[in-house]
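One chain is shown next in structure tokens, namely the form predicted alone.
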Amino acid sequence: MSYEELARAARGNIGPFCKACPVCDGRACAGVMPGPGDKGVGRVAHGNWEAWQNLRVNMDTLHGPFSADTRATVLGCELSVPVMVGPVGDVQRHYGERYDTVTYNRCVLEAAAGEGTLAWTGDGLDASIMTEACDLIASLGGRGLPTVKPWDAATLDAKLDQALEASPAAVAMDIDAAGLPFLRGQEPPAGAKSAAEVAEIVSRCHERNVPFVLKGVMTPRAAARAAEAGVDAIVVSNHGGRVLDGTPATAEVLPDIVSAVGDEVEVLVDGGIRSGLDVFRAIALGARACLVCRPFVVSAFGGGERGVRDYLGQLRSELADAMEMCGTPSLRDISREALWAPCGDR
């Protein structure tokens, strides 16, 4: 099934907050929280999507025939496509009753593994969310990435223990999640982490030979501090607009962040990426791979594990088509030259 068909099938199964739009561009759910929307006036999620659409690609078909190689190596894992399923912490609260967190995580983890890539799992106030996610990842031989929130020290220690016991592909922290309105003033508490605290987390992960990823980096200065703390990868992310209104789009800040730290850490990106062409654009700006979240929830509600696999297949096919039409046989051949710029900007 195509994504448009999956979205149509999801309507009636999802909601009431998510409208399962045929194009998940953040407009119908603007400002809707709880739900899949964003904070404040609700323009950041749409701005993320729009920024990718404003990047035009240079078509170049004057080349010999080839079959595009969409494989990527991310955090030491070979992926069939540079796309991973992004984390959702409490799927019932934001999307509806069809899935609880365990059944949703099982759906996306198994679908991603079946398609040769990885899914990330989320975290939340309910401790069982992390426990059950780690159990699922362990049952798949570590084929997944648990994401912990920036909890207080005692809670974080316990959750890191659970995550590392699963021997995952990596452990992630969405450090910006302290800004989620439904985490403020709650128990356990979540809050900002210093570079020194992040370095301690990195050390714990590296002791177990597990890479660590810091998600929620939006400036070159923050990226440099993350690199100095020893992280293996960062995710350029504004949390889909859910933690702070008025932020720039991830596509707008990605090039400067790649220039600042691209040789020191792997740079991943999320936010408004909805097609294989968007993935192509992100790779051209220097990202190693992308995370996509909301549309995979819709795909799961519309078609279960098969729906998630279908959407992954659609992204891979669209990426391969863009690569073939732009004369780039492999991901390493995609560079800024693949993006069109007005004469004055060249």
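Residue positions are given as counts along the sequence shown, with the first one as 1. Keep in mind it's a predicted model, so treat the numbers as computed, not measured.
As for the form predicted together with a small molecule, it is not shown, yet the points below apply to it.
Subject >> Listed range touching the small molecule, judged in the model of the complex by heavy atoms within 4.5 Å, from 219-227, 79-87, 253-261, 205-213 >> reply: Comparing against the small molecule in the model of the complex, the contact stretch is 79-87.
Original post:
Are any of the heavy atoms in Gly144 no more than 4.5 Å from a heavy atom of the small molecule in the model of the complex?
Top reply: Heavy-atom contact with the small molecule at 4.5 Å: absent for Gly144.
Original post:
With the cut-off set at 4.5 Å between non-hydrogen atoms, does Pro168 touch the small molecule in the model of the complex?
Top reply: Contact check for Pro168: no, nothing within 4.5 Å of the small molecule in the model of the complex.
Original post:
Are any of the heavy atoms in Pro36 no more than 4.5 Å from a heavy atom of the small molecule in the model of the complex?
Top reply: Yes, Pro36 is a contact residue.
Original post:
Using 4.5 Å between non-hydrogen atoms, is Ala51 touching the small molecule in the model of the complex?
Top reply: Although the small molecule is absent here, Ala51 would stay clear of it in the model of the complex, with no heavy atoms inside 4.5 Å.
Subject >> Answer option from Ser275, Thr117, Thr247, Ser237, heavy atom within 4.5 Å of the small molecule in the model of the complex >> reply: If I apply the 4.5 Å criterion carefully, the residue I get is Ser237.
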